[in-house]
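There is one chain below, alone, in structure tokens, taken in the form predicted on its own.
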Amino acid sequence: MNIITRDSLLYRVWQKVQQGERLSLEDGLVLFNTNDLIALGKMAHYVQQQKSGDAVYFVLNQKIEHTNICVLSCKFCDFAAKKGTDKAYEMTTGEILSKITPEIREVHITGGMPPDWEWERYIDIVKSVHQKFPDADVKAYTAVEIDFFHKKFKLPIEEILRQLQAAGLRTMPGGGAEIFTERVRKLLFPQKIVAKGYLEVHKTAHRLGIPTNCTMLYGHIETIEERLIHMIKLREAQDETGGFLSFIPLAFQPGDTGIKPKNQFTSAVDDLKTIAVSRLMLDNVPHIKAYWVMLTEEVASVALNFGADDIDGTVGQERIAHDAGAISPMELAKEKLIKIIQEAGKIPVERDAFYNPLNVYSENVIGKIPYLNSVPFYHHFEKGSFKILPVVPRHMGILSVQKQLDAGLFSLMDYFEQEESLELIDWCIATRDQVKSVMLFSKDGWADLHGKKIGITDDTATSVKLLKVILENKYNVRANFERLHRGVNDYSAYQAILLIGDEALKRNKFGLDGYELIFDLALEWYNWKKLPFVFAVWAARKTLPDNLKNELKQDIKKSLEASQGHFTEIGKIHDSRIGLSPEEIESYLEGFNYHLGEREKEAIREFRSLVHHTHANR
């Protein structure tokens, strides 16, 4: 991709971005200091397209702030109150539940830290919401609140999180990070948790299988360098745990806080720069959020072409930002969010807390498996009439059943189940022998897995069936399978773990702690059947007009032809993200057949027969 800019320093950073190189603090200063806002936006948009395609996510969520009574006195907070004052309030559990409706998919719970609540009160809030609304993911309590519980109730942070998790906690918000420098902390929130404490709470959550968000409050007294230091510390934590789902830059709302920044509110230029720089610096965080509550919907809409791929959600009852003077509407309706995203030229995707797509509001959408093995089909893809939605195999099949995708690289099992409505196209992802990215990590050999519990990545639709076929038909073993959620997980309860895609590829090289045996499912299949294995096939909805089908076929062919013979180039772009060298990535990609030939079709017939006669399918 060519970007025209007269800023030579910016161009040098752009070259690093294209090569997949990690940006330094000095690079970040170049990005913030450039006068070429448009070129900066295009750079961030390029990275966002690699990660999320044309998707922009939103969620039907309800914000619950159960009390504003707080023992802290942070200078930037216009929300907190002292007990007994006219402004103070406390919600009962019944009042909390009355704010939630059945269509809500995420309940976001944060609030003040009152001096007299018992620990059981916080547990009861989470448990009551989870029990009454089991389809809603509970996202509760910031790291600052968790640290407060730890100190007040004399419980280890891990124990606090385990009890909340048992009560129904699924994810955690990222609030309370503010700016990770002691200078700012001492001036604005000296009583609040330090950077090390914030990060340790989140790392502990990640180790327990609780994904979290992370934030940065900007536009007050911090310097640009302090913003970048904050981002780099988050990036380092993500390298360690991989548990952050999204990064949310929060524009400071001065209100009546007593803090008087240079400007009353951050400018649109500052907001857009911060979002773009966030996307470029935080190369390992999946999503960047344009939080419309603080940005206004107009700036949030533009931000969707400056690196952001999430606009948050309906955010009913949000009070903290509005008590500080936020000027956006208190609640944007679902239809309004969809309109904002569509006007930005994107695909509105309603999601759950783990970024699984629930509904897609666009036409001519192609599903893209977001793994390295599918990159040759998309690296040079000219979208033309189509928009691209990265979605893992299992959820691609779900969306296709709902008629929300027009074409895609479908998991083989999903193609089997939807043959009547899908037309096969002559390309696929098939192995010659080993695959290196569909791996079973086990504490036991095959025979000893009988009756054991195996954790299955939520992404898989075909690989889990292949595992069942191998276990039952090759080894006469029946195991118990349990789906994992997307993001981080606690694997300690499982005797074996099935991973697929880039995560499996990394773990195949670096290992998975506690699991000494590693089995390549495609190699197991090949040694058994002497056939390749077809994991995914290209298919289009039969009702798609012929002119669009023909355009799609030409686009796939051109992109694949442009990619083949250039896998080293692809490897250079993706090596830092996956942890493999360009040469290892080239070798990996050369291990696939992308054309659906006779041996691939024979393998499909054999696998279909085995699936049909497998106990797991009856």
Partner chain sequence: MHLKDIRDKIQQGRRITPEDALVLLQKSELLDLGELANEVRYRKNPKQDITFVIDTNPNYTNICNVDCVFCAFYRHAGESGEYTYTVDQMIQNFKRAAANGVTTVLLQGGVNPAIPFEYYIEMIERTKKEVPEIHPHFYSTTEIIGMSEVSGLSIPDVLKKLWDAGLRTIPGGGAEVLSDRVRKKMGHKKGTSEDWLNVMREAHKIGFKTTATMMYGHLENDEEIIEHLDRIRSLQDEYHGFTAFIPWSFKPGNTPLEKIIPHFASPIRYLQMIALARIYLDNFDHIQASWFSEGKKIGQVALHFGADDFGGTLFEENVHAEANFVNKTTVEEVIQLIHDSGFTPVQRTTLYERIKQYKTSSKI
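Keep in mind that this is a model prediction, so the values were computed, not measured. Positions refer to the first chain, counted from 1.
The form predicted together with its partner chain is left out here; the points below concern that form.
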Which of Leu484, Leu272, Ala136, Ala167 has a heavy atom within 4.5 Å of its partner chain in the predicted bound form?
-> Leu272
The listed residue (Ile454, Val392, Leu282, Ala344) that reaches within 4.5 Å of its partner chain in the predicted bound form by any heavy atom is Ala344
When its partner chain is placed as it is in the predicted bound form, which of 236-244, 299-307, 463-471, 510-518 ends up with heavy atoms within 4.5 Å of it?
-> 299-307
Output flag, Val375, Gly579 and Ser587 jointly within 4.5 Å of its partner chain in the predicted bound form, heavy atom basis = no
Proximity of Asn33 to its partner chain in the predicted bound form, heavy atoms at 4.5 Å = yes
Heavy atom to heavy atom, is Arg6 within 4.5 Å of its partner chain in the predicted bound form?
-> yes
Counting only non-hydrogen atoms and a 4.5 angstroms cut-off, does Leu37 reach its partner chain in the predicted bound form?
-> yes
Val537 within 4.5 Å of its partner chain in the predicted bound form, heavy atoms = no
Listed by sequence position, which residues of 37-64 have a non-hydrogen atom within 4.5 angstroms of its partner chain in the predicted bound form?
-> Leu37, Ile38, Gly41, Lys42, His45, Gln49
